[in-house]
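Structure 1 and structure 2, given next as structure tokens, are two forms of the same protein chain, each shown alone.
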Structure 1
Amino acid sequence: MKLNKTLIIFILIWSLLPLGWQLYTSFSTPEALTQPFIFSPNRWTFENYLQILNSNPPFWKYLLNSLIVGLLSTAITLIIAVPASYSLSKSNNRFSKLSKLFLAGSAMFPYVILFLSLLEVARKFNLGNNLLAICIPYSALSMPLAILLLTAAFKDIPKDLEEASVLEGLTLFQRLRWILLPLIKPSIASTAILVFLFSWNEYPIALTWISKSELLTLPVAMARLAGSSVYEVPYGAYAAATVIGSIPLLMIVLIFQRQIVSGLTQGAVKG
């Protein structure tokens, strides 16, 4: 019991310390960072935040870009993945087994290898510098894992439940809407968060597809911030950007906390 507690505290410190350090850095003046032990009146500052919010374009613009891309990619992925996984969960022929194999293969494929050819695609079809267009590779790359996760969730629903609703007269669409989707809500929530996180964090594709500064997504914008000067690294501004960038994620996790946890433990206990 005692050991458990120390372990949990250790793990918490281990994973939260970097975040705490960023928070600390974001409110510190450059002098305070180089000399951690000075106690001067200009030890704490909002300067870092003001700096990145007053830049051109302001930092919240990148946040908005990322949010648009993230939400849209998630929506596209789910709209395609839900019906696909429903039909995969229903069929058990050779074709569906083969599809599952391919899906598992592409889910594990390191996507970074693809980014050069994706760049070619963007050039050919004129998809560069377009926030809506970048959602296409994002949702395509998240699709295999999303389909596999949702297929497993659909398979976990007892067959009787759907058959009872068939006998009650529900059409396929009504069954999905009123019975099946509500039952796999936790899996949908955790899948959506995975997809959203992927597009929120994605760097190589965003770097190569988007060059206009007002269209940049968060990771690329942060990288530019870090490399904006050859002579100094703007630690404070960078930390402030990190803090702002993680606020939406924190909010999502707080809102969907229950669903995520039940999604993670789903299938662990029968019944």
Structure 2
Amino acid sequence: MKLNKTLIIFILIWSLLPLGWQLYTSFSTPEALTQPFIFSPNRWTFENYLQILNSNPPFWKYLLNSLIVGLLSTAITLIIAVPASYSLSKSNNRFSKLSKLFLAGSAMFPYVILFLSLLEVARKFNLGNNLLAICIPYSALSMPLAILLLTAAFKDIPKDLEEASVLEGLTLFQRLRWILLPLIKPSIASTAILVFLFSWNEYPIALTWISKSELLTLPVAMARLAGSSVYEVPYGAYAAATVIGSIPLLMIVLIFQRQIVSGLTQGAVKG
């Protein structure tokens, strides 16, 4: 028992130490970072946060851009993935098995290899500097994993339940709305969170498709902030931007923590 507690404490410290250091850096002066173990009131400052909040364009604009991209990408992915996963869960032929194998390979495929191809597509169809346009590759890249997770969730639903609803005269749309979707709500929530996190944190596509400063997403904006000076890296400002940018994600995870855990364990693992 003591060994288990010690191991848990070690894992917590190991996991939280980088977060604590980032928070410490965001409130530290440049001099404090060179000697981090000397504590003094003169070493604490809010200047890093003021620099971020008073930036031009405003920092909240980057947050809003990432929020728009994340929500729209998630919505597009779920609208397509839900009916596709339901159809795939009801099929047990060779085509469905090959489809699942293809989806698994696509989900594990490193999308960075497609980077140049996606850039050429953006140039050909004039998709640059458009927040709505980058939602297309984000949704496409998230689709295989979303379909696999939701397919496993649909398969966990007893067949007798749906057969009984068919005997009651419910249409497919009614079965999905009133019976099936409420049952897999945790899996839908966990899938939506995963898609949203990918869209929120994605960097290479957003870097090349967006060049206007007012349309930048949060990761690209923070990267430009970190390289804003040739002779000095603004560690404090970069850490402050990271802390502010992590608040929405932290709130989402805390609010939907139960759904995320339930969806991953009941849907993805059992499938």
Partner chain sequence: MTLTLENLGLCVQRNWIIRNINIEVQPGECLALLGPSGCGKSTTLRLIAGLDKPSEGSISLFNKDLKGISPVNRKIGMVFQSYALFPHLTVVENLALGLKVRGYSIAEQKRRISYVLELLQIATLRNRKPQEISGGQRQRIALARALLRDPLIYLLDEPMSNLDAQLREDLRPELRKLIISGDKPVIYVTHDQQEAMAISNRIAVLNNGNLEQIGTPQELYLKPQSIFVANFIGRPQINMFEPLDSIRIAVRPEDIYLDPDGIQCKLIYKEWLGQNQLLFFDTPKGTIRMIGDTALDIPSEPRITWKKQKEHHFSTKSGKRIS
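Here the rigid core means the biggest group of C-alpha atoms that line up within 1.5 Å when the two forms are laid on top of each other. None of the values given here were measured: they were computed from a predicted structure. Start at 1 and count along the sequence of structure 1; that gives the residue numbers used here.
Enquirer: Would you indicate whether the form predicted on its own is structure 1 or structure 2?
Expert: It is the second structure (the form predicted on its own) rather than the first.
Enquirer: So that I can tell if residue 126 moves, could you say whether its C-alpha shifts by at least 2 Å between the two structures after the core superposition?
Expert: Shift at residue 126: below 2 Å after core fit.
Enquirer: After superposition on the rigid core, does the Cα atom of residue 94 shift by at least 2 Å between the two structures?
Expert: Residue 94 C-alpha, core-superposed: shift of 2 Å or more.
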